[in-house]
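Encoded as structure tokens, the following chain is the form predicted on its own, with no partner shown.
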């Protein structure tokens, strides 16, 4: 048996775990990160790559804005840019009801200091002439950005490792015990880790960790289908999103169009599968042509997905355990984890080392699931009729 000693043990090598390891190691903490597969292999490395500020849950804005400031310094922080680009984000409405919805989102964004442009059909067509005439209005946030998720988590993990963090891949935590103020983590590869603190950032597998300490959450595993087209002459600079979620797309400088669309599809964490049904490809391309008719002839060349965790209120769990001092949870990011990842990692490091963080995290307590929570309409629309993967 191999025994390792750490100040903090992190379970999960996604973006949350990697950023937590980075900020803790930067403050001279001994960190051991344990990942059951390889770093960045699940949703952290397979998502759309949107760093969207518009349309956030209101209670998430302080965290989201703090995180965006870290993204804007990513090259200075970790030495790699990871294709971070401040492209801006355009929210589109196709009718009056949708227009009211994006205006309500904009009002919340503006109340937190985000600059929003409100655009009608004439201005939209002048700036982005490739947009469909079906679009009746939009809001634009110039601060919103994108990055390459395939590159980011491994880069953050490398930066954490250069600061002294230990990364253990292809290793599953099978048991955690606490004696006094110390934790012992045992794994299926014979590695045993002793630590003073544990961060549960195990994504769709995190509830099994929480339940060892008498806590739980109604986590639903799902995969956001992603598609990429053949290269097309470059003309689309911002990230585009229909407010109904039917299509989200962006074009990279090489010309390929990356797109996604809701509803998401079922995933199987036990089998580690997140298949993309063929019908999703067709519906995604129809939705793309509805927004940008000039892209109707593009061909999809690859599809993929990863396994994400979703909670009924579509709000993540972030913060200390309610039953076990020294244990912290960070999971169930409901598709929002890529943007807030750096901020979550920083806040977790502050809670562990400083006893608290100035960023308000009360809405994200795991304790809220001690009683039924209000189910988000978005959660119901996407998951109530979802069939298991085949």
Partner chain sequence: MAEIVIVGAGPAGISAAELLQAHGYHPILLDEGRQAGGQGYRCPSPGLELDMAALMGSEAGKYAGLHARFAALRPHIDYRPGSLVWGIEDKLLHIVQAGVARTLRFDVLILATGAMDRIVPLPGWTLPGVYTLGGAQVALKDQGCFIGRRVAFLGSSPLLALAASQYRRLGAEIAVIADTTPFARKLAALPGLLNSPRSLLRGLAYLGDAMRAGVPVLHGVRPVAVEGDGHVEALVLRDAQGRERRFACDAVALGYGLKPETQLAELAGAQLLYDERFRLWLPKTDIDGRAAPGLYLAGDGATIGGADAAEASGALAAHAVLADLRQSRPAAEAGGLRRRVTRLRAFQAGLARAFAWPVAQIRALPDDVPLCRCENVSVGEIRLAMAQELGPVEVNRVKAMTRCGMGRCQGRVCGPALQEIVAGERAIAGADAGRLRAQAPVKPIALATAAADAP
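All figures in this text were calculated on a predicted structure; none of them were measured in a lab. Residue numbers count along the first chain shown, from 1.
The next section is about a form of this same protein that is not shown, the form predicted together with the partner chain.
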| property | result |
| --- | --- |
| Option touching the partner chain, based on a heavy atom within 4.5 Å in the model of the complex, out of 214, 121, 279, 190 | 279 |
| In the model of the complex, the residue from 126, 133, 273, 112 that sits within 4.5 Å of the partner chain by heavy atoms | 273 |
| Partner-proximal stretch of 151-159, 98-106, 307-315, 136-144 relative to the partner chain in the model of the complex, 4.5 angstroms, heavy atom | 151-159 |
| Contact label in the model of the complex: residue 296 to the partner chain, heavy atom within 4.5 Å | yes |
| Residue contact check: residue 175 to the partner chain in the model of the complex, 4.5 Å heavy atom | no |
| Any non-hydrogen atom of residue 235 within 4.5 angstroms of the partner chain in the model of the complex | no |
| Partner contact for residue 301 in the model of the complex: the partner chain, 4.5 angstroms, heavy atom | yes |
| Three-residue site 83, 169 and 252 fully in contact with the partner chain in the model of the complex at 4.5 Å by heavy atom | yes |
| Residues in 8-38 close to the partner chain in the model of the complex, defined by a heavy atom within 4.5 Å, in order | 38 |
